[in-house]
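Shown here is one chain on its own, the form predicted on its own, set out as structure tokens.
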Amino acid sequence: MGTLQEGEGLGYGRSLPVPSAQEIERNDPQNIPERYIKHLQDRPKASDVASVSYDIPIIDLSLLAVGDEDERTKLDVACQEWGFFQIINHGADSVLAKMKAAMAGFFDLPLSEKKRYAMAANDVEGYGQGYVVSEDQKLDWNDLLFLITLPAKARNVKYWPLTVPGFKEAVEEYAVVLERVSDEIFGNLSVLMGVERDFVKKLHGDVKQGIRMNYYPKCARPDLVLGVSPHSDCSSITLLVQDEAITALQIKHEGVWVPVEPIPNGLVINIGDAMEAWSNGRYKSIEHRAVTNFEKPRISAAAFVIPGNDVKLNPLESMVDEKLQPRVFKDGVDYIEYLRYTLAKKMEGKLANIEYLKLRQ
């Protein structure tokens, strides 16, 4: 994910410019540059993937919206045991289709046109690749466009490809729909966490939404590369729309990688590190990755709910019980401090980041 650039010349993180994976594949489909070939221990292996089928949680948003207790209990279990679930009946099917078309329109542009929206040297908003912090690290097989989408006043229009027909309208509509979905989830999590229904939303302070639009080229050797390296998100929650034709997202569950098969018009939701800290570890941020395939490219869009800079990542008092649930996370860490910490590193799993927030045992 990324963050907002505040004022000219000031960014919270940066990612070094690298060649476009889409162009590499387009110009020489059999060529996998050495820098994209993962170290042996990091490559996707069939033996690491779950050999049995899991019933991945599916939550009906229309039931949550009317206060259905059984559905709320399902949400509670999903956030505790999986840190992840899929949402159906969100009422935004046509909006998802328009968003996918808008993303496809951008990534279909010539490279010279996409480069007009390239990330600045000091920030991660725009077109490029994320979490590139050194010239010799292994790269992921993807290109991305990251935009701050809400609030409207936080948008930096120089990164918005307004020449793509319908792009602005589709992204704006999608952003508003996801805000509605996330508000409903926050309301239910508030009830589950023993606070007022609007508490978790207010807890975010000067909240922002950022959307990372991903393009994963097809790859002649998907066994050598990763679309996205294993990581957890430093958001409170993340909302993802997948390409329905391709299964590429995998989540770490009970020590194995579980493929997340897309469901028609479904939204994937995962708990981020901020929510894990606020819940004192009751709700788990989920380590996840994306693999590639040799048949066709894939697009997806991940929307991050980003707390305000000075919001504290302290556990809620209602989530701390010295006997049943002792405090696990420390007090006093500003969200911006944690965000800068994560953006200064390459993606290397969940543990490398979340330990920063925990009390030393």
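One rule holds for the numbers: they count along the sequence shown, beginning at 1. Keep in mind the model is a prediction, meaning the values are calculated, not measured.
What follows is about the form predicted together with a small molecule, which we do not show.
Using a 4.5 Å cutoff between non-hydrogen atoms, Asp123 does not count as a contact of the small molecule in the model of the complex. None of the heavy atoms of Lys114 is located within 4.5 Å of the small molecule in the model of the complex. Put simply, Met103 is far from the small molecule in the model of the complex: not one heavy atom of it is within 4.5 Å.
For the chain shown alone, Tyr335 is not a contact residue for the small molecule in the model of the complex, no non-hydrogen atom being within 4.5 angstroms. Segments offered: 212 to 220, 199 to 207, 86 to 94, 173 to 181. Contacting the small molecule in the model of the complex at heavy atom distances within 4.5 Å is 212 to 220. Scanning Ala290, Ala277, Met119, Val225 against the small molecule in the model of the complex with a 4.5 Å heavy atom cut-off leaves one residue, Ala290. Comment: the small molecule is not present in this chain, but in the model of the complex one of Leu249, Ile148, Leu189, Ile269 has a heavy atom within 4.5 Å of it, namely Leu249.
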